[in-house]
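In structure tokens, one chain follows: the form predicted alone.
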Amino acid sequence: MKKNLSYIDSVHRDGTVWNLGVMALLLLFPVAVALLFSTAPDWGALATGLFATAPMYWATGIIETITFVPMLGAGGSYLSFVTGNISNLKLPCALNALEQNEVSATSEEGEVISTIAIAVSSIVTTVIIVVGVILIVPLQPILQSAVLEPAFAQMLPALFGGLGVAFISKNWKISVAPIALMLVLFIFVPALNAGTVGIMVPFSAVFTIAVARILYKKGVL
């Protein structure tokens, strides 16, 4: 007799299948190109490049998994890691949905809500990209106008600023240490920029958790 899986078990089963499937498709593309054009990469140069860059992505992947999964839930995490753009888009959407419904991502209700929020976000993003590709040429003069340029430059700060106000207002004591750390790092380490957000967000989250635990142990929180 076939055993009925619980919701979370089915999420892990389907999430594993789809993530492995997407990984296979991503790896098959360069293989298909190599077979189609009867060519192969310079394996020495590839190994050199991987040796220089892969460890950073391994570390980021481990940190992001530890950091994002408790906030996104299992279903949301599987979907987010397939569709990408987690820290800039998927995470804010999921957190806002969980906040509005007053549930935790680790509860079954939170699992469902987080997954739906990230799925809708992915669909909307895909639709916008399709529309953008179709209208990019006619809209190019408008999008590149001097009037709109300042607004586009502030989209990401506005997104995280709105979320920040909502969460910081709940317990401002926890926010002091990570805000101070990020200000010091970005002011005194010029190499840090918008391109390093994938590393800095998980790092800041781990740092915040550690500081919050210390403050809790000392009775500050």
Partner chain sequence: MKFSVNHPALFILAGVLVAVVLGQSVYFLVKALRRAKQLGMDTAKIRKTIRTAAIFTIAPAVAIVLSVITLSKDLGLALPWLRLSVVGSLSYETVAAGNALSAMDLELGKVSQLTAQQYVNITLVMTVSIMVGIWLVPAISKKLLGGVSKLQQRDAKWTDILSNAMFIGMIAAFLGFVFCDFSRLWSPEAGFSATSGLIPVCVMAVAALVMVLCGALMKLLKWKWLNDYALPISMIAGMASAIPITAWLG
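Whichever C-alpha set is largest while still superposing within 1.5 Å between the two forms counts as the rigid core. Numbering follows the first chain given and starts at 1. As the structure is a prediction and not an experimental result, all values here were calculated from the model.
One more form of this protein exists, namely the form predicted together with its partner chain; it is left out here, but the text below deals with it.
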*Can you name the residues of 18 to 44 that have a non-hydrogen atom within 4.5 angstroms of its partner chain in the predicted bound form?*
Trp18, Asn19, Leu20, Val22, Met23, Leu25, Leu26, Leu27, Phe29, Pro30, Ala32, Val33, Ala34, Leu36, Phe37, Thr39, Ala40, Pro41, Asp42
_How about Ser10 - superposed on the rigid core, does its CA move between the shown form and the other one by 2 Å or more?_
no
_If the two forms are fitted on the core, does Trp43 show a Cα displacement reaching 2 angstroms between the shown form and the other one?_
no
*Threshold 2 Å Cα movement between the shown form and the other one for Thr65, core superposed*: no
_Can you confirm the direction of the Cα distance change for Ile136 and Phe29 in the predicted bound form, closer or farther than in this form, given it is 3 Å or more?_
closer
